[in-house]
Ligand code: AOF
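Okay, so here's just one chain, in structure tokens, the form predicted on its own.
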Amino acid sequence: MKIIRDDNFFMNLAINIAKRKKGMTGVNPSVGCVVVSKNKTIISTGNTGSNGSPHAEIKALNGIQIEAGSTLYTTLEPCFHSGKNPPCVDEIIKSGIKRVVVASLDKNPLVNGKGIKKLKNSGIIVLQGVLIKKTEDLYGEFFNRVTYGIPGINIKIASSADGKTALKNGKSKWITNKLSRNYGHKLRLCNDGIMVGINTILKDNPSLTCRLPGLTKFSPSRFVMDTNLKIPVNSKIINTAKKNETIIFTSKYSSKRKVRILKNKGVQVIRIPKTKKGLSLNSALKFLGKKEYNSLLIEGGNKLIASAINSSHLNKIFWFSSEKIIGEEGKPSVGKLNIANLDNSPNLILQNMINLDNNYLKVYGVRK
């Protein structure tokens, strides 16, 4: 079969290059860039550097000679403003590139069309919207944060075939297989932060890190919703707080001495309001948005998952399902949603299903 090297082909390559760095680029989204000659030969590629610098366009343009008729493909509108990095639009203009293909507009108010306008005013032909659905999906959490000031939420659930996360006695090792668990660590890598409820800490004493070989340094920040500050000071997450940022959200300082111990171990203890259903998830999200977290992965427990499902900032649900059946007495994956009418239940869209050695990962989007 003949491969057609058109705009879609090169933009798809740029998207795949961007995906390689998702979760490793700090507050900046991971961008992919490809520079192509007039005869459809790839001259160079680039993606956003670790912690956001340099930008993908700068990496792709660095040290190359631009030929007449070359095209630059980028997954996100080139930046217009100066920050830690110079404006990418200026570097593109200086390079001599005369055609730029962009997938998505950058919804950051500092950019949002200004980059494309400056390129056009400089005589550069700009084609916008190529494979935009793929990039809107790639940047969903980032767009949520720059639009609403709140990180986009992803949920991870690992359950039996009948939707249970543990036996009646709380035992859950191992409901899913090793391949599913490794994929779960990839999800941790791809998100800026991971959040659990206090019962998950008390029951499992998890580290909440990415343990894929060579990628542990990109482990997400850890957040715990702990209404009454029950967290044990010698738990794994507390003893590694100086290495991986750790924030405990609570409604009251039940013990000033315990708060001092936690802070000495490198933990931030943040007070937020309590609602009838527990700690205010929205208050925690607003705090994290101000700290410029783009994406948040919620792993449990089921009350926290229920709150996240009801959030207007929910992006995706990653549901790992094993071949095991536990039965009615098992612990449910999702807490109370108080749905009295099916018309009011959350509408999920199955976007993908992956066979992980007889475990199945179903990826759901949300019908807004």
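From 1 onward, residues are counted along the sequence shown. Here the structure is a predicted model, which means the values were calculated and not measured.
Below, we refer to the form predicted in complex with the ligand, which is not included among the displayed structures.
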Assert contact residue (the ligand, in the predicted bound form, non-hydrogen atom within 4.5 Å, options 128, 244, 283, 108) equals 108
Report the residue, out of 79, 231, 102, 194, that has at least one non-hydrogen atom within 4.5 angstroms of the ligand in the predicted bound form.
79
From the candidate stretches 315 to 323, 331 to 339, 63 to 71, 24 to 32, select the single one in contact with the ligand in the predicted bound form, where contact means a heavy atom within 4.5 Å.
24 to 32
Residue 117, heavy atom within 4.5 angstroms of the ligand in the predicted bound form
no
In the predicted bound form, does residue 85 come within 4.5 Å of the ligand, counting heavy atoms only?
yes
Using a 4.5 angstroms cut-off on non-hydrogen atoms, would residue 142 count as touching the ligand in the predicted bound form?
yes
For a quick check, can you give me the residues of 324 to 343 that have a heavy atom within 4.5 Å of the ligand in the predicted bound form?
none
